[in-house]
Structure formats: structure tokens, C-alpha cells
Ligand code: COA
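Consider the single chain below, provided in C-alpha cells and representing the form predicted on its own.
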């Protein structure tokens, strides 16, 4: 399956040190899991956390959620060992935190290539520093580079709030401009982009509202910190029946023999271009994948 068609509506962070949480993953309906070796794991627990991941991936079967491993920054004392452990586990992707510049992406790309990591092993990066925001355009360009592995941006909203000192409000009014900038850059680079976590996992009404806002901004999905957040995220980031019907109608219209060579067609008083066909096909592919998962 082309990675671009994978649904990433609900992406659950799981501490790699938490064996109980890892054991429960088979019963969850999240689209992807990020096994965290960074913030969620204490320094003294990192070696055991790597062993937990080796055991999980050794027993991993076909199907199931997309599996990603978040390592520590390469410049940290744990980064290189984390990357080598992740490479051996063969996850679907490696998530690099604290990215500041294109050089960070170059470096991990080179390290994965040098260790003969399969081309199918993708790279996700956290956008969680002021420097990453200033470099968001050049970072997104890796999505257009066929030799690069970059696949997805992940908004690190907690770190952005901490680093910049902006006020964190329920409506995220001060974060919104940066979140929209992430979406714009991701689209320019052909990347997926995931909204940041919501810290109060008990307030599911507020969480659902945040998911709705994220979907309206154009995010592909949301990162989660608790299984209770999976279902609201899946609902919010799934297309409505009306949207699916419109996408099917666009595909059907371009499939008509008289439209086979046309770049633009008229439908219900609107001009529909080939780019709308591509969007409709991508939406239907993802919706189909999500339906098969359910």
C-alpha cells in the first residue's frame, strides 16, 4: 500500500517503557502508534524501553496500525543508540524530535541509508521549535525529493508553547497561525501533517472540539495521549457522507468517455479541474483503507 493512502486520523503516543500499554495495542482502533523513546521515558529506563520494542517488533504480524518509533535527538547521548535500535526493529517510520533545520533531516536520512534501512522505512519529524517554524518551507521541500524519506510533519504544540512563551488557551488562538503554517508547508511538500496532542484526556468534549478545529485547518489527523481519544479523532478526521459522495461524483465524471482528454469539466455549475480529481481519488483511497480497518 502506498504510504500516501494510509489514514492517519488517530496517532497514539505510547511510552516504550510501558509494557502494559504496548500489550493492549492489539485491541485499539487507532490508525498509527508512536512508540516513544524520548520525553515519556526516563533516562534510566531507556535501555529497557529499547528491549521492549525489540520484543514487540519481533512478534509483530501482518496488518495492524502503522508503527512509528520516536527516538531521542541524534545529538543527545541516547540518539544514536535509539536510531540503531529503531533500524533493527524495522518500523514503518522513525520520528525525529527537536528538528531545527534541513541539516537535521539530511543527517538522519544519511544515517538510515548508511545502515541499509529499507526504502519503505519513512521519516517523520516534530515541528516543535522556533527554528523549525522559521525553516518550515525548506523542511517541507524534502517531501518533493524522491531520494528523501520524509513523509509527515507532527506538530509539537507543548514544546512550541514552552519555547516561545505564548499563552496556551482552550481555543489555541495564539498557536493557530503556526498550525496553519505547518499545514500550508506540508501541502507544498506533499506531506501529511498531524495536529498536536490535547493534554486533558478526561475532557473529551473539548478534545472533540479541538479535533474539529484541526480537521477544519486541514490536518490529516491528531496525535493522542490516551486510548479514550481514539474514537473522537477517527470521527472528526473521517470525511462525511456528503464529502464522499462528491468525491465519487468527480471521479465518475472524469471517467466518462467524453471527458477522458479534458483538463477541466463543468459539473453542477462549477468548473472541476484534474487537481480536484486527484484530491478526490486520494480521499477515497484513504477512506477505503479506514473502512477496511474498521
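These figures come from a predicted structure and were not determined experimentally. Residue numbers count along the first chain shown, from 1.
We do not show the form predicted in complex with the ligand, though everything after this point is about it.
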Touches the ligand in the model of the complex: residue 50 (any heavy atom, 4.5 Å): no
Close approach of residue 197 to the ligand in the model of the complex, 4.5 Å, heavy atom: yes
Partner contact for residue 227 in the model of the complex: the ligand, 4.5 angstroms, heavy atom: yes
Contact label in the model of the complex: residue 24 to the ligand, heavy atom within 4.5 Å: yes
Stretch from 243-251, 264-272, 55-63, 33-41 whose residues place a heavy atom within 4.5 Å of the ligand in the model of the complex: 33-41
Neighbours of the ligand in the model of the complex among 11-38 [non-hydrogen atom within 4.5 angstroms]: 12, 13, 14, 15, 20, 21, 24, 25, 28, 36
